[in-house]
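First, one chain by itself: the form predicted alone, in structure tokens.
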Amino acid sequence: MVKRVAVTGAAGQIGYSLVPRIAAGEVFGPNVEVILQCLELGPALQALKGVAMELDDCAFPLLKGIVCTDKLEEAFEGVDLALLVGSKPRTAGMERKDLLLDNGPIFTGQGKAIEKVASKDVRVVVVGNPCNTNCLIAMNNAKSIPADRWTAMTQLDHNRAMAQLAAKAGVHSTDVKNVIIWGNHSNTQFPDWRHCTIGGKPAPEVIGDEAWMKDTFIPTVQERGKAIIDARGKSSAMSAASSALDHARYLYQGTPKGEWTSMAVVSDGTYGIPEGLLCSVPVTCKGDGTYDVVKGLDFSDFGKEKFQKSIAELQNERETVQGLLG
């Protein structure tokens, strides 16, 4: 079996960290061969050639081909999985509205190309920010592809939340289960600990400090990307790539029994989220590219307020890009 995987922005920092791990079998497992179909802008094709040379030099047993192109249809031809990483970054003084409108044409074109030439069973994961609404734009320009094939990445926020709780509790991150990221991949997201366990015990009981949860944990997760830029001088790349791999791996290899992860998926009205929004919720994955939203979880009044704020932001973003929704 051979899977074709498209990666946009493949010569960028996230793409550079992402493609070798796909080639090593981390998405589909150790018995599935892959062909990488890498998309870049024309001026970056020379850099992409260098990435391809390095992939060759790694001699990955599962890597059966590399396509390097600046043409949308060539990049998405027959792909089973499309990882939409490349997007225009936010610059100093740029409003989020401007970023949405600048990225809109990119994801409009990619959605149309995916609909035209990708595998009929394609799955699309949007990583490039603002990822929730970029995914909404691409999806609405590929209306023949079922909505449940489209997801946007909040796994990075999920992993950040796990790491913060683990550090506070003095345990390894693997001891933290079932944290939730609700809402948008932005600083309005709501990292929710109420249903989380640490070492098998309820997180609120283990941490025992609700003020820390509200006043330190939430803003730390919300603002972690900015903190990394302040420290590193560049945005998150290694962690973003690793989280994109986690997201895709869960889709194709499943979430562990009794555990969930966080993904931005198309709402059907569950949890009062307006239908059609790309909103982060807890999901379980079956390992065949499909997911189920975890239902029936409750919120505190504090949590409801935080979640509604993020939903309102997503609605405003949808209104901003309404003219791009096909």
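From 1 onward, residues are counted along the sequence shown. As the structure is a computational prediction, the values presented were derived from the model and not from experiment.
FYI, the form predicted in complex with a small molecule isn't displayed, but the following is about it.
For the three marked residues, Val19, Lys49 and Val67, no heavy atom of any sits within 4.5 Å of the small molecule in the model of the complex. In plain terms, the part of the chain that comes close to the small molecule in the model of the complex, with a heavy atom within 4.5 Å, is 34 to 42 out of 34 to 42, 51 to 59, 265 to 273, 286 to 294. The closest non-hydrogen atom of Thr197 lies beyond 4.5 Å of the small molecule in the model of the complex. Using a 4.5 Å cutoff between non-hydrogen atoms, Leu314 does not count as a contact of the small molecule in the model of the complex. A residue is said to contact a partner when one of its heavy atoms sits within 4.5 Å of a partner heavy atom; Ala11 meets this definition for the small molecule in the model of the complex.
The small molecule is not shown here, but in the model of the complex it comes within 4.5 Å of a heavy atom of Ile106.
This chain is displayed alone, yet in the model of the complex one of Asn140, Asn159, Ser242, Ser87 has a heavy atom within 4.5 Å of the small molecule; that residue is Ser87.
For the candidate set Ser173, Ser235, Thr220, Asn187, a heavy atom within 4.5 Å of the small molecule in the model of the complex is found for exactly one residue, namely Ser235.
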